[in-house]
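Okay, here we've got a single chain as structure tokens, the form predicted alone, with questions on binding and movement later.
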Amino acid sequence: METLYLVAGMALVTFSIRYGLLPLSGRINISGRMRNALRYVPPVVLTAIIVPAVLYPNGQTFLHVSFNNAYLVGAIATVVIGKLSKNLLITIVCGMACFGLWQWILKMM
């Protein structure tokens, strides 16, 4: 029950912070240079989340850069597929399939 209260509290705080600033969004003028810089925020945040998960897959303290790391192989395959296909759905599905297939191959060895 504590977890439910914790999740509900976090949702309430997150919603109130964002909802409270929403009326101000139309009144704030952002320069073109700042708007251009803000375009890079989503890729940077996603990179900051994904790279540690790929290079330190089990919370280890050393880099796991080898073909025995299914996360790394899946990430590389996803980047290549994304560059070639330019289709988000195909990239996600094929990247997950590559990760799952490589994980299965490693278990069979």
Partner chain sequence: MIGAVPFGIIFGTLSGGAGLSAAGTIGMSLFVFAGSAQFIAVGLLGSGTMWPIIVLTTFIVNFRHLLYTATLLEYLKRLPRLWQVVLTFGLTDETFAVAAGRWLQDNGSPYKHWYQLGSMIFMYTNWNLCTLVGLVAGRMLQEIGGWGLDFAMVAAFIGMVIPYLKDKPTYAAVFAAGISALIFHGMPHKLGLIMAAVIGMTAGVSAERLWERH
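Positions refer to the first chain, counted from 1. Whichever C-alpha set is largest while still superposing within 1.5 Å between the two forms counts as the rigid core. Predicted model only: the values in this text are computed from it and were never measured.
Another form exists, predicted in complex with its partner chain; not displayed. Remarks below refer to it.
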{"property": "Its partner chain contact in the model of the complex: Leu6, any heavy atom under 4.5 Å", "result": "yes"}
{"property": "Residue contact check: Asn36 to its partner chain in the model of the complex, 4.5 Å heavy atom", "result": "yes"}
{"property": "Residue contact check: Thr47 to its partner chain in the model of the complex, 4.5 Å heavy atom", "result": "yes"}
{"property": "In the model of the complex, Phe67 touching its partner chain (heavy atom, 4.5 Å)", "result": "no"}
{"property": "In the model of the complex, residues of 1-23 near its partner chain [heavy atom within 4.5 Å]", "result": "Glu2, Thr3, Tyr5, Leu6, Val7, Gly9, Met10, Ala11, Val13, Thr14, Phe15, Ile17, Arg18, Tyr19, Leu21, Leu22"}
{"property": "Rigid-core frame, C-alpha of Val13, shift of 2 angstroms or more between the shown form and the other one", "result": "yes"}
